[in-house]
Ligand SMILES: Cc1cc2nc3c(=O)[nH]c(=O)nc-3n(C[C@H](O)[C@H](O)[C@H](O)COP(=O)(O)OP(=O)(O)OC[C@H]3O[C@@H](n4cnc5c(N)ncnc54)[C@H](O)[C@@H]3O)c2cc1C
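As structure tokens, one chain now follows by itself in the form predicted on its own.
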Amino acid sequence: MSGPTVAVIGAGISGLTMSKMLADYGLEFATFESSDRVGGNWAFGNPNGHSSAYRSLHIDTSKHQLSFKDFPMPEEYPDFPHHTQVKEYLDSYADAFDIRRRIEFENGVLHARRLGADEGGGWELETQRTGTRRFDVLVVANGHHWDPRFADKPGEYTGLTMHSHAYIDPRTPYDLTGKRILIIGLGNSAADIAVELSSKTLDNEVVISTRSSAWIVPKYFAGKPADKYYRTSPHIPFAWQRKFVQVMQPMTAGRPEDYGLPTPNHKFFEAHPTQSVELPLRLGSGDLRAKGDIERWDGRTVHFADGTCEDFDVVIHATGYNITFPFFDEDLVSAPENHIRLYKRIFKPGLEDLAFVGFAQSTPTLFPFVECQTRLVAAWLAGRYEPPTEAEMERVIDEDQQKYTAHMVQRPRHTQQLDFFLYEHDIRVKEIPAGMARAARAGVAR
């Protein structure tokens, strides 16, 4: 099958899935990876620095929600696999579909320049070790959990500062035993690290600081992984479904303030919930304390918004990530405060030879979301799908933002939030058929 030449940036979850789909369609492509291995975020100790996995990490989504449709996770895996098992799964995926030979390892894209019509169009890529390369279309799959975002507070902290991205990283070994430790944030990584460091065997004093607090959800419900019961319906208004779970949440997991967290400044599902079995237990046992927001730094002293202050040896920022595209000129593509306007989280209006894959905080997980996206992108590259006009794209972007994020706390963490089940239904039932019809009309017109 003939078609455009395609460059894919990244060989993590998104890049691997995109590469497999392009191979399925018989398209000509090359996948550029700055590391010497696949897996991206799930390759612990990744030489390119893009992994945020820590030694004890288990994924917070059960294998039942995590698996690709055409490549289930092994039955013998536990409900919540260790990061080494997720990496093993991605390696198996790459080998099962013979993707590895299409990946150019240690050959990342340093710069991507969009060529004008007078230059023949397409993209000119400057690569790490193979010089300048040209392609018709560029697919960006470089991930968004690798550029750490730190809490910005007045003053200066003079103790040891790190981001959760570097926590127990083999390249930056720190002995955190017997320390007074402050963890900033209350997402899944913050909860995991707080639980681990508050173990009495480490003789630490651990405090967790949260600006907004969070609703804690259990990993198991009625003896089964709780996310097995999670599925939103496209046939019932999303607002009604949120109201229902807001009523049910305190009955299943209690209110955060019952075990020592500040009262959340939002309702359940107005921010990403935190999944943890042990965090309430550690708080309730006194092994871990919670504080509100930080007001300022003063040497090793941290002043909190409630007027109290404490000294700490270590501050760990579990404060999320920036969406960054180091290979693009900023005036071409950027994501200030993690905002990037993408049609169906894929196409940037006005750049008809560029697509993005994996740029979402998808509930319950990213894996099937990416698989859904790559089907549409591959159909587009094969000429079977056509996006709408630029004006229609802009209109739908606004509409989708209202649908997926208007009810969320307006912070950089939630700019890319969406619900997979609603998104997948929209893509499968509405968008792909509509795009196929547009492609058919365009073919007739040409």
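All values reported here derive from a predicted model rather than from experimental measurement. Note that residue numbering begins at 1 and tracks the sequence as displayed.
Note that the form predicted in complex with the named molecule isn't included here; everything after this is about it.
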Query raised in the report: For the chain shown here without its partner, which stretch in 418-426, 5-13, 20-28, 433-441 has non-hydrogen atoms within 4.5 angstroms of the named molecule in the predicted bound form?
Result: 5-13
Query raised in the report: Given that the named molecule is left out here, which of 230, 135, 327, 269 has a heavy atom within 4.5 Å of it in the predicted bound form?
Result: 327
Report summary line: From 249, 213, 365, 85: within 4.5 Å of the named molecule in the predicted bound form by heavy atoms is 365
Query - Heavy atom of residue 141 within 4.5 Å of the named molecule in the predicted bound form - result: yes
Query raised in the report: in the predicted bound form, does residue 387 have a heavy atom within 4.5 Å of the named molecule?
Result: no
Report task. Tell me, yes or no, whether residue 400 is in contact with the named molecule in the predicted bound form, where a contact means a heavy atom of each within 4.5 Å. Result -> no
Query raised in the report: Does the 4.5 Å heavy atom contact test between residue 189 and the named molecule in the predicted bound form come out positive?
Result: yes
Query raised in the report: Since the partner is left out here, which residues of 19-49 would have a heavy atom within 4.5 Å of the named molecule in the predicted bound form?
Result: 32, 33, 34, 35, 39, 40, 41, 42, 48
